Structure formats: C-alpha cells, structure tokens
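Quick heads-up: it's one chain on its own, the form predicted alone, in structure tokens.
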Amino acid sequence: MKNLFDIREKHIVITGAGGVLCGQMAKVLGSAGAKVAVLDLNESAADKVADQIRKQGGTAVGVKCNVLDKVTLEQAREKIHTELGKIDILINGAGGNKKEATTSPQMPFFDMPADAIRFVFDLNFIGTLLPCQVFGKDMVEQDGGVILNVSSMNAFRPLTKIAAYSAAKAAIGNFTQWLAVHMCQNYSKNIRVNAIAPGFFLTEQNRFLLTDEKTGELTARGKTIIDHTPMSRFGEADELSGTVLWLLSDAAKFVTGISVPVDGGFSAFSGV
C-alpha cells in the first residue's frame, strides 16, 4: 500500500504555488519525497515556499513564471530541466478573480468591462492550457506523466456575482476531460489528466469576502456558504493533500478525465 502512493523522486511542477492552497500542496509533496518546482508570478512568494521545503529536508526550486506567457513558461521548463530534471507531474494551480469582473451594487452585470472578464477567463483557463502545452512535452517524451488541474465548485454550481470566474472554472473541467482523451488517443496511454474541485477554503483572495476583517465573524456570504456545507465549516489547506496524492500516484493508475470535489458535501446538498 505504501508503494501504491509513492511519489518519491518524481519531478513536480506546480503553478500558483506561492499561494495558500498550492503552497501547501508543494510542501506536502516535497515532504513525501518529490522534487518540486514552485512556480509563481510573485518570485519572492515562490522562493519562500521552496525555501520552506528545503528546510524540511526536501528538494525544491522557486521559479518566477507568468502562466499567460508561453516564452516564460519555456524558460521555466529549461531552468527546471537544469536544476531538477524532466517533468513527471504538472499541477495547474494558478488562477483567481478580479473585482471588476464581479457584480455588485457598484458594478451591475450590464456594465462589467470585457477586459476584466477576459482577464479572469485567460488567467484561469488559458493559464491552465499553456502550461499543459509546455510541460506536457516532457510527458510525451517519457511516455508517461500526470496533469492535475485545479477546478472549483463553481464549475459544478456557479456562484452568484462571479460570472467570469465560474465560467472559466467550468471550462477547466471540460478541458480536463478533453485533454485526458486527447493524450491517450494521440500520445500515450500512460498520461493521465484529472482535476480537483475545491469547495470553500480561506485564502488571501477570499478571506475578507467570507469573514469580517475586524471581528473575524462570518460575512453574510460566508454564512450562506457554511449553511450549505453539510460539514458546517471551511476546508483547511492540508485537506486537499490526500486527494492530490491519490490522483498523482499509481493508486489512481486507471483514473483519468475526472474532476473530484473536495468540498465538505457542498455539491451534494440541495439546500433543503
């Protein structure tokens, strides 16, 4: 059983790994013996996570990278080849929302600027597709590998106010299925593509949308989420780790083209 989940010596690239959720993934995978490339647009955030992995006895390198720029992705690939080796696993964690693409009393749906909508869609969807093009080449050359995309509950049940983000995450779910089939049919039966769909976890992006900055109490939106989550709480960052490890390892050797909710039951509850 231990060997089934073994990812020691695997070379893993994680985009958006300077953030809370993917940073925690990077540290867990590093502690499990993988060699981790921590990619983020914020170079200092990437270096900080990589340094934490090394202090725990792991192997990691921080790499500044823009997932919307194929040239910087290619440059990151070359650096990773030099410092770690060929890439076995890619986790596409970069993403996010934008205030101007979110409806509010000050921003009616009819006034949302196309540039803001396009930015959110590009960051989440194009920022997933381009790394697959660049880092997936190593998997084709090695006749095997794993791609894990980070979708969202928004892909299953679109949330109010965040139309662009919900649509982009839905696109990632569809693309995950498409790429899983494409890789098997055209390149290698040993390349698997899956996604995780986190429910509600407190991150730097959403913390003060869900909790009050001064009191720490739930906002109205945060309370609605908790009321519709059967486990009645937000997820903890390390609670993604088990699902991630399963999907990356040989324990999921015959699993491809799926999106796995990690949501405390949110997607199962009708509200009644």
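Residue positions are given as counts along the sequence shown, with the first one as 1. Worth saying up front: this structure is predicted, and the values here are computed from it rather than measured.
Omitted from view is the form predicted together with a small molecule, to which the following refers.
Tell me, please, which stretch of 50-58, 215-223, 64-72, 29-37 lies within 4.5 angstroms of the small molecule in the predicted bound form when heavy atoms are compared? Correct option: 64-72.
With the small molecule left out of view, which of 183, 146, 162, 123 would have a heavy atom within 4.5 Å of it in the predicted bound form? Looking at 183, 146, 162, 123 one by one, just 123 meets the 4.5 Å heavy-atom criterion.
Which pick from 193, 168, 90, 150 sits with a heavy atom within 4.5 Å of the small molecule in the predicted bound form? Only one option qualifies, and that one is 150.
Could you confirm whether residue 42 comes within 4.5 Å of the small molecule in the predicted bound form, counting heavy atoms only? It does: once the small molecule is placed as it appears in the predicted bound form, residue 42 has a heavy atom within 4.5 Å of it.
Residue 12: touches the small molecule in the predicted bound form, heavy atom cutoff 4.5 angstroms: Close contact is absent here: in the predicted bound form, residue 12 is far from the small molecule, nothing within 4.5 Å, heavy atoms only.
Is there a non-hydrogen atom of residue 21 within 4.5 angstroms of a non-hydrogen atom of the small molecule in the predicted bound form? Looking in the predicted bound form, residue contacts with the small molecule include residue 21, since a heavy atom lies within 4.5 Å.
Using heavy atoms and a 4.5 Å limit, would one call residue 175 a contact residue for the small molecule in the predicted bound form? Although the small molecule is absent here, residue 175 would stay clear of it in the predicted bound form, with no heavy atoms inside 4.5 Å.
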